[in-house]
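First structure 1, then structure 2: two forms of the same chain, each alone, as structure tokens.
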Structure 1
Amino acid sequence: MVSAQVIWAKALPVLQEEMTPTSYTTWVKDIMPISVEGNTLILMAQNEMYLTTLRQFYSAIVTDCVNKANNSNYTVSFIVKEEAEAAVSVPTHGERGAGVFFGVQSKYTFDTFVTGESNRFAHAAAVAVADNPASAYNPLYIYGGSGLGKTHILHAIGNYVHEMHPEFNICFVSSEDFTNDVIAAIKYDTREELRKKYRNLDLLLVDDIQFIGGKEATEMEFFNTFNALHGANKQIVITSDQRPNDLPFLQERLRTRFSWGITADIKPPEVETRVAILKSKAERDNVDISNDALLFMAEQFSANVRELESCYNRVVLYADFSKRGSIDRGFVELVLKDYVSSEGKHMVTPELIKQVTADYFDITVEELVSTRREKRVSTPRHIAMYLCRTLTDTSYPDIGRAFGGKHYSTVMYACDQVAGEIGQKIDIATAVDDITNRLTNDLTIK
């Protein structure tokens, strides 16, 4: 779970942009983030007078900006100091009522995870750990390429354990959020709270550990957290894009610990598994689609389930849009004709993508690569990053560099977001298709 400090730190620049300087300085600048309780962000006002005004006049804009900056759906609640002292309640061991359950997404479960040769071992290890936390394998370390189901399995373990042991304290955290929590704890001098949050867990699920590499304070904090939990016989599950020994930067002692339990890899799924994944989605979505059409899609995307899903979502969206009852192979071919084959990839460059995307949205390339957050420029930026990822072989860090030196986790996040929206928003899907068309047509003209 992201801490209140991190959420608020992200919201401040947006508030500053949206408010007049006077009202920002008078009313917002000195608000203190206190905690997150479920879906509510708790903020502390300086005194009763501020409290009344904030509640009455600024609640809406603060809520909007918090959610815009964090891409979230929090409700904001203002309190004053006395209440704040009562509000910071940190879960402790021994209180065996409902445990804390942070950050786990309910949609990713073992039920919806399709197994095949490529992921059978990782899946079996995950189920074993979920059945017997801290006694089967500790830690469980799962690694593999992007879009192969690591995050899905991690959430699935969280959901399963929560169901079996509602009293367990469970937390899912990306290593980026863990890093942000550590930075905020140093900045706001709340290291004690940070420790309480992470060291009282029964199950800690850490996604994409490769991103904490190289940050000393974070590595140290993670090392200590790991030792505290492992020593207390609490389960830790970690995912990564690499095996422990190949992790860059990471301190040797941390790497060694990652190999204490069991290491399981996930490989790209075989074609039968890819078809089975699509079939299970279609059944859940109640979509009428021929086997031929599923096989055709599965043949186009072999190395990444996320891209396969994104393609499926796009096909379903277009079918819905054109009021089609059933989907056959011809329709899929029609929808996918704008996809650039991997052979065409080397012809499109990030520079070209930036130019064409900026033109398409009628903004400048400078705006596109800036840090500005208004939708007018941030949506095109996310789309351009996504296109760099799908139409070229550029890595996340290199895309970040091409967009004004953004961190690669920002790029990953943008790409994931667009991949999701393509299946949900027709304007995003159309923009991606139109820009792809322009890019490929430009190339054929030349």
Structure 2
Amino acid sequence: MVSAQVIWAKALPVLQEEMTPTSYTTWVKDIMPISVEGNTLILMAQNEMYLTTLRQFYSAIVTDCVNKANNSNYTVSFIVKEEAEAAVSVPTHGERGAGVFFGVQSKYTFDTFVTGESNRFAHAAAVAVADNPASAYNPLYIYGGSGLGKTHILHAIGNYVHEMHPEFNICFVSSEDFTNDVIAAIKYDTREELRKKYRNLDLLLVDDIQFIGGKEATEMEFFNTFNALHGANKQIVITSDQRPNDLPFLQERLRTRFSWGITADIKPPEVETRVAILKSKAERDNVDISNDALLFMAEQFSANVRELESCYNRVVLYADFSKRGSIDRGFVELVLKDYVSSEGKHMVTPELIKQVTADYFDITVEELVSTRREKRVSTPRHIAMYLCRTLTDTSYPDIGRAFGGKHYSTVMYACDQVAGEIGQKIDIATAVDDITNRLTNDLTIK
């Protein structure tokens, strides 16, 4: 049987070709191949943070490149070296030392979260929970559309509680990572270790709980985990894209428990909050941009904060490229003129985006939605997914289905990658602008 080391050695050059240099160096280069068990390639991440990111954003591309390089059909599983040991050594509630703290990103804090009327109640509830875990609202259930700051609040709670209570066991986990942990526990018969990992926590932060719907084993495990933590008076914070009662794919007993504490929604930010978000970002980036320019951007892009920040990044990139010391409204209007749609245009849909993107890059729609990984296809595919997310209300899972049944985490990875590259690569920013121009100006489609 081919060793894990040989399989991984073949895959690395393909991954390096398919990924951006920064992503490859940061997340993939130092992965260690461990073993091959049946049809599963076991890879080791550096720590829990890397494990979470790899599972959430890079699992699909790593799997595709491994199989492309080896002409195989492996399933990839990520672990950390200390996973089993850490699960067993998590202190019980009666034996406290330094707490376990994993999955929480330090860059997201309450200080960097901009509040307004659209999110004030959710922010206040989050601060109350962070100040007095399991005393104010338990569980705290926060819901709202994508890109509105729910994940930011989760990490902020985790960072605040960790600072105030370093002895606490704290875990941030996405629903997909929780699902993957359940699958691995079933496969490797490590369910007891899984339960020790999640049921000895003081604070559990779960992002996008809606995605466990319909996964019977995962729902059962989360139900029991919820009961164990809540019964032990430990804090649970959950985010979702809908209210508990509007999650038809989740079991009724879970939806009921999600309503035990307090439910807070986050709406799209009003224009004043959008301006404040941009102003805060410009100050942190030391960018000289006029208030009038910020107001123009805030008025044009209201769907979500992610889209707003993406447009801000585009403006800053063009300003750097043209060596402008300051940015005024006229410059912003020029940069974004093809991105801002006007009244009376046709409706932009994922199908239209796929066709226009394929035409722009001179490939077929069939290639665009295929599993091919070469850059002439993968880059257009990522851009098309990003445009579906920013120009339409289509969810990540629905975008995945529109692109040949790809997993929603693959779409998230693509969108995040393009959003980052818009602020770094002029060719990506130009392509996004040109395709957006074609879409919003109703050009004739081939």
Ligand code: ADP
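All figures in this text were calculated on a predicted structure; none of them were measured in a lab. In this text, rigid core is short for the largest set of C-alphas that superpose within 1.5 Å between two forms. All residue numbers here refer to structure 1's sequence, counted from 1.
The second of the two standalone chains is derived from the form predicted on its own.
With the core held fixed between structure 1 and structure 2, Y360 has its Cα displaced by at least 2 Å. After superposing the rigid core, the Cα of S135 is displaced by less than 2 Å between structure 1 and structure 2. If you fit the rigid core between structure 1 and structure 2, you'll see the Cα of N291 move by less than 2 angstroms. Core-based superposition between structure 1 and structure 2 puts the Cα shift at S59 at 19.9 Å.
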